[in-house]
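Here's a solo chain for you in structure tokens, the form predicted alone.
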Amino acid sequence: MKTIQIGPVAIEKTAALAPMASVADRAYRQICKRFGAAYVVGEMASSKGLCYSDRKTEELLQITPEEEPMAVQLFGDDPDYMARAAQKCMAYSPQIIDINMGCPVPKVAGNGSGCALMKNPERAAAIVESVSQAVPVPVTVKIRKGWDEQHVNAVEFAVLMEQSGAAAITVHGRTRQQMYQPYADIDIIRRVKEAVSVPVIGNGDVTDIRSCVEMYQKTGCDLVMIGRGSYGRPWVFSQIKHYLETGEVLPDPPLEERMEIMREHVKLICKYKGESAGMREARRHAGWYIKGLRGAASLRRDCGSLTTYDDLLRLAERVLSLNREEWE
């Protein structure tokens, strides 16, 4: 299997898990790694929250050995706070520090962080330079196509990030204005790849083997990153890895295995967050695991009322009873 290098970190050239707030927590990352995710990035953490020793922020930085190679992701708009936060991150032993310059949500971008930094390239460059000088690990940047269609600046922005010390750049092929619709523009990823010498990671609308291969072929990117395409389907990483190694397309796992993966995933969530908070988190994950199955509309209503792990076990049994004949 081919690898790419981000500084001293070697990563298999298959597919990586994107940083997704409130989704890509430790449990999610571990499940995706078990199914072959080449690299994972943690949920974005506030630089100021970390500097002020906010417990919830610190929890976002927890890393387990199973997740490596892994990056922690920071957001903020102040170079000094970002550098101090990056230094604090080193206590958790990340292999890479990733800087979020692509988040489109108002509570982040509306405060000058995330994708708003693409409107302020000089400040973004100062942040990358400051963080790069503060830590001994590679610093990477995740960006978008631009702020809106009138300000598409990913190529120039990426060049500046490389000049400021970024060791790799992830590009999501949409503007901030587009959020997550319509389709991602993968041509902008190709253009960034042609403009910089550091590795480029392509992100946006990769959901399966076909779209992953297309991203590699049409952009020349060094690594593909999957976000929402992994919801309820962590095995997508093993399917992609197997195809790239052998050319063989693996089917989705049988229904019983699918439910076992769901049970294992939710058990991990409860392990890390406790049953009460964990089951609230599990509701949407369960909904993703049953998507497309017979009785899904009714089953999703059951997902919304999950409060104990035993509730999840009963849900899994109901899924099996409603769908077993169709899957046999």
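This is a predicted model, so every value here is computed, not measured. Note that residue numbering follows the sequence shown and begins at 1.
Beyond the structure shown, there is the form predicted in complex with a small molecule, which is absent from this document and is the topic of what follows.
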With heavy atoms only and a cut-off of 4.5 Å, decide whether residue 18 touches the small molecule in the model of the complex.
-> yes
Classify residue 183 as contacting or not contacting the small molecule in the model of the complex by the rule of any non-hydrogen atom within 4.5 angstroms, answering yes or no.
-> no
With heavy atoms only and a cut-off of 4.5 Å, decide whether residue 43 touches the small molecule in the model of the complex.
-> yes
Taking the shortest heavy atom distance, is residue 76 within 4.5 Å of the small molecule in the model of the complex?
-> no
Answer range among 244 to 252, 205 to 213, 148 to 156, 191 to 199 for contact with the small molecule, defined in the model of the complex as heavy atoms within 4.5 Å = 205 to 213
Go through 218, 123, 228, 119 and name the one with a heavy atom inside 4.5 Å of the small molecule in the model of the complex.
-> 228
